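Quick heads-up: it's one chain on its own, the form predicted alone, in structure tokens.
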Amino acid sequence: MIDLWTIIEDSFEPKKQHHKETIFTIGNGYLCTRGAFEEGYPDDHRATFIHGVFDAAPIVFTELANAPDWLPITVYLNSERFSLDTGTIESFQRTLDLRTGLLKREVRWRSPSGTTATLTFERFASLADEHLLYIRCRVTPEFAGTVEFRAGLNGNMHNEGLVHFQWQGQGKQDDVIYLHNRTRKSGIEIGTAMQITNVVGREVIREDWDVQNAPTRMVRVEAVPGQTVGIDKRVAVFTSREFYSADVVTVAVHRAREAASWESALEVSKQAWAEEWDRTDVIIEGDNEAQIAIRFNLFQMLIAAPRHDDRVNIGAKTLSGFGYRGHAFWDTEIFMLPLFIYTAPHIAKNLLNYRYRNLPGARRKAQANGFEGAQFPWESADTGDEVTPTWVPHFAEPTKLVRIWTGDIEIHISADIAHAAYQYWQATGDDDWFIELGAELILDTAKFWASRAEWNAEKDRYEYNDVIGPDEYHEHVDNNAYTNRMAQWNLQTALEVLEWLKKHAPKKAKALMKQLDLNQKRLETWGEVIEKIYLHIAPNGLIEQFEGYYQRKDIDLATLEPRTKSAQEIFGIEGCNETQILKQPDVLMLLYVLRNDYLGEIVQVNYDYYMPRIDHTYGSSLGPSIMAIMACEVGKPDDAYEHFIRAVRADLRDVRGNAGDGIHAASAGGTWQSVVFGFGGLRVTSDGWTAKPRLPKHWKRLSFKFFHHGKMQEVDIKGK
């Protein structure tokens, strides 16, 4: 019987090392650790990233700092070091149990001199206590002599060459070894404490080696053929972000010393995972690949989701790799947040609170650009200020620099955040949160949109010129449909929200009107902008992606096949900008985000026009999940399945060849939407919810749960 909860790797392929490190990432919402080997391997990209632990970096302003490594366990078989880059791998299997978060690797290895043993490594990050990490190592020797375990902590970590953590100290308290580090610029302290427990086998000698920034405990045991030996290692991690006044070392040492055993901790963590999956799991019958793939994508979302911290966001590569430096984009609000809104509202609230906490940064950006209100940064980190790099090396010619304009003119994110706040409120009915925090997000972003609008007296309309829409193949365009319509939605919704506040929370309404200077004249201006924002919609309902789009070169993408490059790589940045080829479909995205406003023929017309112009395989990883939903909307579930399967394979099969940089978080979050809103046909309105299933032909069953106004709902659909 096929195990639909386990990711399995049956052989070690060094060329796929970085991809597999991403795939076998584990975590618990506080931190994530890539699937590097405990003993190390040449050129590995080993990393542990902790939410919120940013430090200054050139070009990208700031990045998540690669934390001290808690993994190291090197094993010596009769004084020969176990390593997969030497000797002979007789057998290899690595598994990730998605149900429990347990990562396991089993290797039968013969050393260069012929010494043979089976080594098993297991690790998990406790979901019940986010500060605790566990590793178990077991060795079954086929020889007599000794097995030596060297378990340590390593503060000599870096971000692809840039060192962020400075050594502050190390030592031992009772039987616990600790390491103390601090980030260079941001001054965040981290305490890491390790204890070796449950030594299996007859211990010959134990020593502690006080190597600076890499304290190590050596345990040597007797080796008897066929008799398993080993150690358990538990680690506690704390930073000064959690304890401003406490000594992070003292806290970490205490937690490591008092923590439960491997067995007890794993059982409690399994229980926590069972609760997560009870809310979140999606059941697909009749398609084993889709079943395990959707669970993998959900797992990656769950291990990145902050459960106890509302000062952090989920980066575009989660906490699983160096890509995008831990920065957050609109990916969170549009692609990831719906999953949490409907399955874990407490997590969704944390993510929205992060945006609220960073309103000062958004206001600073608006003011610096000459606008009012809150203009959220395209890339956000710890302060809410813009951290999009201005120049980066050209992807094809690293000696040349490319100007990055997204931080300057990709402005739709402010409306995306407002929409997410509104969506959370509508789905949860959390009036208290909306009154205290959410309404201000919508009102202050509306204030920005009104000040950013440009009046064209000649054409009697308001415009948003020189922008980038979600489709980043086209820069410096005027009147992008997605941007203009979302701005209009933001302004209209703000007026409605203000009226709702006046009725249900008059004191808050009065306070916000004073704080944000929402006088009558300003509100009248909002109404004028709403009425006269430019949107080019043809009589048949076709929406022009941006002004002048139809005049761009229309390329038949089929003539480019077969290919392994994106259209932008083929035509160049400027050349692609002059075509109608889309990185992702702005208009279809708009029709999805505001799907309760657009029904019927307008969806079909735009789907038919834009689908052939999308760079499906090599464009944006954000597109396929949404295109799957839109294909369902026009009654093409089998076409939708092609998009969906492309999305769920994005990382598992390394479709774009860059999964080694980290999980494609937006794609992972979008896969849940594909299933629930696409194939399940879930539609939530102010009146309640309905489900209109449109399953692929080979699916026999689809089942999922979601919260609506605090009550768990269950949808169970049988195929034909």
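Keep in mind that this is a model prediction, so the values were computed, not measured. Position 1 is the first residue in the sequence shown; the rest follow in order.
Beyond what is shown, the protein has a form predicted together with a small molecule; the following relates to that form.
Partner contact region in the predicted complex: 580-588, out of 598-606, 495-503, 382-390, 580-588, criterion any non-hydrogen atom within 4.5 Å of the small molecule. When contacts are judged by a 4.5 Å heavy atom cut-off, Q195 does not count as touching the small molecule in the predicted complex. For the chain shown alone, Y324 is a contact residue for the small molecule in the predicted complex, at least one non-hydrogen atom being within 4.5 angstroms.
E472 belongs to the set of residues with a heavy atom inside 4.5 Å of the small molecule in the predicted complex.
The small molecule in the predicted complex comes within 4.5 Å of a heavy atom belonging to L622. Distance criterion of 4.5 Å from any heavy atom to the small molecule in the predicted complex singles out A316 from the list A316, L352, M486, I626.
With the partner omitted from this view, the residue of F296, Y462, W526, W378 that lies near the small molecule in the predicted complex is W378 [heavy atom within 4.5 Å].
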